[in-house]
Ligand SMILES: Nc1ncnc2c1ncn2[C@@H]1O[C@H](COP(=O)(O)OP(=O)(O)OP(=O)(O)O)[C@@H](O)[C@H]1O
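Given next, in structure tokens, is a single chain: the form predicted alone.
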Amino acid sequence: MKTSTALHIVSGKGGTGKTSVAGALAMSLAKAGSKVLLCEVEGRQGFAQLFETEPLPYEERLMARSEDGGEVYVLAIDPEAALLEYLQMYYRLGRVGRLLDKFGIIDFATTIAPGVRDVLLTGKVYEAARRRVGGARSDFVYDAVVVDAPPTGRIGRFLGVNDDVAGLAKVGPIKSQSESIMTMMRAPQTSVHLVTILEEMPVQETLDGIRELEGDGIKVGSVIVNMVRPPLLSAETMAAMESGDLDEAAVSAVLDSVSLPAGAASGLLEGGRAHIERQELQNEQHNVLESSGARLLTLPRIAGGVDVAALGELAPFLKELA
């Protein structure tokens, strides 16, 4: 019997590729034979674009199946639909809830109070992670739930919103559910993975995110360093460029010897210097991350952007999390 459902929460500064990483992690888990639910909470339909399909409705839809029997289901969580579901589940207000929706009250409530949205979104994640096939002693439906969460600048508030709600609600289902959600967020089977690229601002935001989450008692699993460019020049070539031994005259002579335009030497050297500068920046920021003591996983830059095929390429790099 499955004793628990692993919860993987993926966050990162905008532009670091956290949606792609969440998708690749789900594929990696499925390759290991797991049944996975991949959740989106920001309403961007990022997974519809990633899997090249129509906009996703508010339902769990099978998106991929591995040769080892693993499956990836995708759910785009809609706050308004989640509130209707919540009202029906806890208060049996199905018809009343639909009337509230008809008059726009639900949309007003979830728009005017962002905290309400976060409570509903995390509540739906909790419900999916705790759902069982049958009765209380049966298997959980999913082996793992992967959440494409809000950016690192908002991840602490998003995951901790139920602490605030539990403090405000003295009794009743809202208080008990909020406490249960926070227990899950701090449980051993829950990990927050922070995605970054090797640039100063994303790295700093990642370090700030680690401190905030750990201060709230939420476990940080891995820092996933995304879109890492491989070195294109050997150490010997870089040393020769930096010392001046490899200059325009030397490059022109080599080009001329293989019947290539010698005039391209200047452009080649300029491109080489730009590449060395990027590599030095990468190395510097990688050292900053290493010095933090965080567990690092590295993903290569995929030329041409990330699509379904690219998720399969990235999945093996994340097998340590499976």
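Counting begins at 1, following the sequence as shown. If you're wondering where the values come from, they're calculated on a predicted model, not measured in any experiment.
The following text describes the form predicted together with the ligand, which does not appear among the structures shown.
Enquirer: Even though the ligand is not shown here, does Leu213 get within 4.5 Å of it in the model of the complex, heavy atoms only?
Expert: No, Leu213 stays farther than 4.5 Å from the ligand in the model of the complex.
Enquirer: Considering only heavy atoms, tell me if Asn226 and the ligand come within 4.5 Å of each other in the model of the complex.
Expert: Contact with the ligand, yes.
Enquirer: Check whether Arg295 has any heavy atom within 4.5 Å of a heavy atom of the ligand in the model of the complex, and answer yes or no.
Expert: Flag for Arg295 set to no.
Enquirer: Can you check whether Arg44 is within 4.5 Å of the ligand in the model of the complex, heavy atom basis?
Expert: So Arg44 counts as contacting the ligand.
Enquirer: For the stretch 179-208, which residues lie within 4.5 Å of the ligand in the model of the complex by non-hydrogen atom distance?
Expert: Read in sequence order, no residue approaches the ligand (within 4.5 Å, in the model of the complex).
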